[in-house]
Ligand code: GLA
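Below you'll find only one chain, the form predicted on its own, shown as structure tokens.
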């Protein structure tokens, strides 16, 4: 059994009398298609082998008890008192609230959880927290929601108490991931395809910049508002336009550049280009062309940095270093931006040297020590056999 899972199980049994069920809820990476999930675009995420472990059992009362091991904090609350509070508590309480909004009768339960996703890294620890609890409650309550339904519930939960107006990508990857495969998700229809990820002598290395410049939720919502403003202008001028994906030629956007504030136009341009890149990336994976795929990743970073303006000096520095390293075939910032991780496709026999040299240069430049993680694709949220 995973050491974190064993620790969560042990702490539960020390704290409560009942026998819990155990669940694993993964974080995610996104290979390409960043900031387009809330713009009806295409994204290419995968669940990973890092995540959040939950031990949970009903307690025959009307009270809920959480212990968040990573924060060393308790939360005890009556079901009738579930409301918006703050911090990590909002994520679990908002999931409970979504079940209540569905008319589900929730009995009291006890819960201990912990994970190995570094906070602020862009591996979507929030979706992992939401997904693990939602999956467990669905099992306990016999609600009958399928995995897509649970992903949508978790998305609503993040919109509600935490007030992060996210798209569906993180929650979808959390529920629908498969080992050694990536998803191409159509964020408008929820249709999805799986593509084998043939790394062919390369591995995925995440470099955590260990910086977080601003409250992501506020900047995230600002970018979404710019996109909505730009799309509204385009809809008023172009017939049969429902979303950015309906614009396949940049020239169709350029005609209305003077109608938009510069930052709004730049966001629109990035989204249209990124949707096209995600579709192209699927073709390249089908062709097993990882080299060309990596070039698309660099192009995505350029757009995120210069057009969408969600990068920062630290992330740009890491990607620039990667682009000059012949053993790295693709790199970009991953996640909401303003800090967190870069995702890099690195030759297996050069990983140690890449991490060492990049970390040294980064520390010299910013006086910050980055963290490196080699990650693999994994399955979506699931129950773990406690007897193993």
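These numbers come from a predicted model, not from an experiment. Residue numbers count along the first chain shown, from 1.
Although it is not shown, the form predicted together with the ligand is what the next lines describe.
Residue 38 belongs to the set of residues with a heavy atom inside 4.5 Å of the ligand in the predicted bound form. Looking at residue 202, you'd find every heavy atom of it more than 4.5 angstroms from the ligand in the predicted bound form. Contact annotation for residue 335: at least one heavy atom lies within 4.5 Å of the ligand in the predicted bound form.
In the predicted bound form, no heavy atom of residue 303 sits within 4.5 Å of the ligand.
Think of it this way: in the predicted bound form, the ligand has a heavy atom of just one of 93, 268, 275, 169 within 4.5 Å, and the residue is 169. Of the residues 317, 99, 161, 220, just one reaches the ligand in the predicted bound form with a heavy atom at 4.5 Å or closer; this is 220. Comment: 26-34 is the region of 346-354, 61-69, 26-34, 317-325 lying near the ligand in the predicted bound form, near meaning a non-hydrogen atom within 4.5 Å.
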